[in-house]
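The form predicted on its own is given below as one chain in structure tokens.
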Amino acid sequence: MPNRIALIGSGLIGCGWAVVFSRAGWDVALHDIKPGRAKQAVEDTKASLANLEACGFLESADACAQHLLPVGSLDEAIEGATFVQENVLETPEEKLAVFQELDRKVPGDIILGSSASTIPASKFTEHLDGRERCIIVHPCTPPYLVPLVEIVPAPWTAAATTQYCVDLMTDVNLVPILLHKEMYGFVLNRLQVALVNEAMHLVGQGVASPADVEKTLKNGLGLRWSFMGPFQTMDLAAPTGFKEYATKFGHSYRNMGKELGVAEEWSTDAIDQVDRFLRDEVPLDKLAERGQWRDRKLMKLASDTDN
């Protein structure tokens, strides 16, 4: 029996998963409650596959596309599935409704993953009969080029469920990290939120323009952090490594941390400034093209980086 993933929700995240699993040779059933969305998702996925092939990241987009199947109902999507991944709206109510139905209909030995980006599984799986097979499997965007995926079990998730997902993500060429306890926002988004909130704070306080904050990340931290994290960066910033760096600069980090105010509410003015800057850079009707441009840039970076 071939491996088959059922993707429940076929937006950007669903399409990203479709690329990952079709590239790995899995059959992919795409379902969405919005009429026609699953068929469009297949076309969107094909476009991403073609882009990967054109840039040398894939041997045959057509061969991968043969694995894609848009379906009209949840029952069709889960038929024969060996793994199910939910990608619906990011609210506990939406996810609860889907998981209740999946728990009733999907055979008990099939694991149910969720692409939730901030909401722990305990918020929508606690009262399910099969709650031990439910788990967060949160990808980055796009997952076929940004391979980190967060595995976040609920307190009642079975160890076998967690291990299966870690192994599965490795098998489909992603890089899983495992959270040992639930926390709202998980790891990636909590790190991202701290930085983005401060970026908005700097704009809102008039310290720097949106363009210059963007340049700081694009031409500074982003380049350094594209192939190593902050700890390795600090480790290489002192002759004898991280401890020396911490001794010399730890107090500065603590002092800045007291002043940052990273949890401040984003001001309307700051939001407007950033939006104007972004729309000047890329009009709304060019965002899809910009996404493909981003993919090509990431491909080049990946091909130029020594693993």
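Numbers for residues come from their place in the sequence shown, where the first is 1. Given the structure is predicted, the values throughout are model-derived calculations rather than measurements.
As for the form predicted together with another copy of the chain, it is not shown, yet the points below apply to it.
Given that the partner is absent here, state which listed stretch (50-58, 22-30, 63-71, 244-252) has heavy atoms within 4.5 Å of another copy of the chain in the predicted bound form. Flagged stretch: 244-252.
Exactly one of I110, L191, A97, A158 has a non-hydrogen atom within 4.5 Å of another copy of the chain in the predicted bound form; which residue is it? Checked against the cut-off, the match is L191.
Answer yes if any heavy atom of G130 is within 4.5 Å of a heavy atom of another copy of the chain in the predicted bound form; otherwise answer no. It does not: once another copy of the chain is placed as it appears in the predicted bound form, G130 has no heavy atom within 4.5 Å of it.
Hey, in the predicted bound form, does K181 get a heavy atom within 4.5 angstroms of another copy of the chain? Close contact exists here: in the predicted bound form, K181 approaches another copy of the chain to within 4.5 Å, heavy atoms only.
Contact with another copy of the chain in the predicted bound form for D212, defined as at least one heavy atom pair within 4.5 Å: yes or no? Taking the distances in the predicted bound form, the answer for D212 is yes, it comes within 4.5 Å of another copy of the chain.
Any non-hydrogen atom of V274 within 4.5 angstroms of another copy of the chain in the predicted bound form: Yes, contact at 4.5 Å.
Can you list, in sequence order, the residues from 214-239 that come within 4.5 Å of another copy of the chain in the predicted bound form, counting heavy atoms only? E214, K215, T216, L217, K218, N219, G220, L221, G222, L223, R224, W225, S226, F227, M228, G229, P230, F231, Q232, T233, M234, D235, L236, A237, A238, P239, in sequence order.
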